[in-house]
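Heads up, the chain below is alone and in the form predicted on its own; it's given as structure tokens.
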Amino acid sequence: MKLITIAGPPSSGKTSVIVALLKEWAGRGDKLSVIKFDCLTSSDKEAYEKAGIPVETGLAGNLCPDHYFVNNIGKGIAWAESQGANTLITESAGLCNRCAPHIKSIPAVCVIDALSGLNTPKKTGPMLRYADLVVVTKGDIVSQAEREVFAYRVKQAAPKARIIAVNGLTGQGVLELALLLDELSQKDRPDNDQMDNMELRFSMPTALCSYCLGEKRIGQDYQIGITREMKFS
């Protein structure tokens, strides 16, 4: 099983890039599948079904999306195998820019759009910093100077990552992405049993407090567990 984790801020163009990538792979006979991890709702399943790709959607609800991903990735691989797939792509939205559903030795991609602002790369966190490939979308809408500055900011935030530009609507750049992922995927192809011994590239967000358990009242009397206070001058 070829497993690839793809993450990125909401509305950065992840689904469009993945659909274009899967069309490229499908043309050579690969058997593909996708799992979309989201928080409250998702309509991306329709895009994958329209492309004829087996897809499942997992909604974390009131759980941390990172925790939800780790709880379910093993079963997700088993589901992909039951579909006869040899490639599974997981798509996760980094809702707080802290999420980092990337696994050691597994190809990791972060999708970020050039319209999000020049300071966005340094705010995006581990899902960008620990990615093998950073896909920059919507570069056709900004100027050449803006594209170069944005790419420089991405390189500052993720110095070890390879940066490529992809247009999810036209498919431009997706062939290069496919070739780079082919190269990365030759290293490890885990099955369901192997996932128990693998590790995340970065720790999950720490959160275990009264509000995690449903508390709504504000005040120190109701704050228990892991909390952090600001220091005001």
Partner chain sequence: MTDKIANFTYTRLIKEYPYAEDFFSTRELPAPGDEVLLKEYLEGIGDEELQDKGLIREEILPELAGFLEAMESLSSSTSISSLKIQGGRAKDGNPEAVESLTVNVGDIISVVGPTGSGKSRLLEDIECLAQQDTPTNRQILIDGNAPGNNVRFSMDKKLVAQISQNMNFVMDCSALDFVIMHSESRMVPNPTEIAHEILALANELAGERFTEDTALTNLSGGQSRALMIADTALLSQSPIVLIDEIENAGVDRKKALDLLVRNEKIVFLATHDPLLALMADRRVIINGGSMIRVIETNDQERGMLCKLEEADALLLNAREQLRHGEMLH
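The model shown is predicted, which means the values in this text are computed figures rather than measured ones. Positions refer to the first chain, counted from 1.
Not on display, but discussed next: the form predicted in complex with its partner chain.
Although the partner is absent from this view, S185 stays clear of its partner chain in the predicted complex, with no non-hydrogen atom inside 4.5 angstroms.
Using a 4.5 angstroms threshold between heavy atoms, P107 stays clear of its partner chain in the predicted complex. Contact annotation: V111 falls outside 4.5 Å of its partner chain in the predicted complex, judged by heavy atom distances.
Although the partner is absent from this view, Y68 stays clear of its partner chain in the predicted complex, with no non-hydrogen atom inside 4.5 angstroms. Candidate site formed by L22, W25 and V55: none of these residues places a non-hydrogen atom within 4.5 angstroms of its partner chain in the predicted complex.
Proximity to its partner chain in the predicted complex, taken as a non-hydrogen atom within 4.5 angstroms, holds for one residue of A51, M198, L169, L179, which is L179.
Looking at 198-206, 38-46, 25-33, 57-65, the stretch with residues near its partner chain in the predicted complex, meaning non-hydrogen atoms within 4.5 angstroms, turns out to be 198-206. Of the residues in 137-162, those that come within 4.5 Å of its partner chain in the predicted complex through at least one heavy atom are, in sequence order, I141, V142, S143, Q144, A145, E146, R147, E148, V149, F150, A151, Y152, R153, K155, Q156, A157, A158, P159, K160, R162.
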